[in-house]
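One chain follows as structure tokens, the form predicted on its own.
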Amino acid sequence: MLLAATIYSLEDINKFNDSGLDIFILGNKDFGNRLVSSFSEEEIKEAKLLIHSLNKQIYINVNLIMHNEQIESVTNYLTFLKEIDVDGIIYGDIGIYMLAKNIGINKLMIYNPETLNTNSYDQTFWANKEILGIVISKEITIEDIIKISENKTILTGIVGHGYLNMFHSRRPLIKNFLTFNDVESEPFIDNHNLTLVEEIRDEKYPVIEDNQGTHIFRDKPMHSFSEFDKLKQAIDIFIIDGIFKDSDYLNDVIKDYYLCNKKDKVKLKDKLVKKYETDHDTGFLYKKTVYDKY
């Protein structure tokens, strides 16, 4: 199984490579949601050259919800990614798949609509569309993940560590709220230190507003150390999302999963579970959602 992670800067590439990372995920704020950092085209070019020199892979997040007036700019960006020869493009909007198909890069595309890949036929459908892979929904159990992956015919990944997004609106909700209350909004945009607290709950939910709208996350990041042996037998790509954390934290996490990927030791897993269990949980791996896709 390959380890993939979002990165904060070009300086992270050598550091994370030494820690065992296989796939580096980058994005640009005009074309990606919930990024840890925004990389310019020149920075992406530089990153691609360095990552390929290390014999590793580079994936680009193009997971915006595209509006009609963005079709031309997204097409130009996809053409740029084709020209510099990236290894994968993560998307969630089917319109972006159609643009990619039109320019002949559908085989680079990885479909991650966040909540919709919940059955084995999703794999079959997208395999017939000749894309690179899919990311299974983050809101289904490990039992379902393993079952879906039994007869996979396409690269299959999961987000296995990090904060999970649970709400997205294209509306600038933070800006609208602050403007209504006569508060200057600029310091609060792209601010990763904000939390939302409900009156009837104690949890603090991280919330950000970026170029693509407003996003609310679960109160705790997830980890998958106890489940890692089962997952690595079932899936191809294990994604670590570093949003709301920093480079040092992410480097430690990559090292820990790299050890899990190379060794099968119960004591190691127990040690890592204890390390993270106080401020992490297992997400939806054991929580059957009450919401179904119809």
Partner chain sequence: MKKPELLAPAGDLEKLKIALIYGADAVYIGGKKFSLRARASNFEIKDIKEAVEFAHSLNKKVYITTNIIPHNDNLEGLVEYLQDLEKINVDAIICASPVIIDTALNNTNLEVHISTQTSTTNYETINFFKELGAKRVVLARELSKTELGLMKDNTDMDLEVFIHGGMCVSYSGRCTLSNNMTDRDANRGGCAHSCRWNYQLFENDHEVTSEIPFSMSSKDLQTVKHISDLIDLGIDSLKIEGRMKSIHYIATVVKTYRTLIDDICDEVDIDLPKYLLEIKKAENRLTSHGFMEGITSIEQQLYNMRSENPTQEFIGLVKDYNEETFIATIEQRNKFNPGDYAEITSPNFENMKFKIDKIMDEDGNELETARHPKQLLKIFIPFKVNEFDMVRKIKL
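Residue numbers count along the first chain shown, from 1. Source: prediction; values computed, not measured. Here, rigid core means the biggest group of C-alpha atoms that superpose within 1.5 Å across both forms.
There is also a form predicted together with the partner chain; it is not shown, and the following applies to it.
Relative to the partner chain in the predicted complex, residues 15, 87 and 130 are all farther than 4.5 Å at every heavy atom. For the partner chain in the predicted complex, the listed stretch (64-72, 249-257, 40-48, 236-244) containing residues with heavy atoms inside 4.5 Å is 64-72. Out of the listed residues 154, 222, 81, 140, 140 is the one that sits within 4.5 Å of the partner chain in the predicted complex by at least one heavy atom.
Contact check for residue 170: a non-hydrogen atom falls within 4.5 Å of the partner chain in the predicted complex. Under a 4.5 angstroms non-hydrogen atom cutoff, the partner chain in the predicted complex lacks residue 76 among its neighbouring residues. Although the partner is absent here, residue 163 is not a contact residue: none of its heavy atoms lies within 4.5 angstroms of the partner chain in the predicted complex. At a distance threshold of 4.5 angstroms between non-hydrogen atoms, residue 195 is in contact with the partner chain in the predicted complex. Residues from 211-239 that approach the partner chain in the predicted complex with a non-hydrogen atom closer than or equal to 4.5 Å are 216, 218, in the order they occur in the chain. For residue 281, a C-alpha deviation below 2 angstroms is recorded between this form and the one not shown after rigid-core alignment. With a change of no less than 3 Å, the CA-CA distance between residue 277 and residue 237 is larger in the predicted complex than in the form shown.
Figure legend: C-alpha atoms of residue 238 and residue 277, shown here, are separated by at least 3 angstroms more in the predicted complex.
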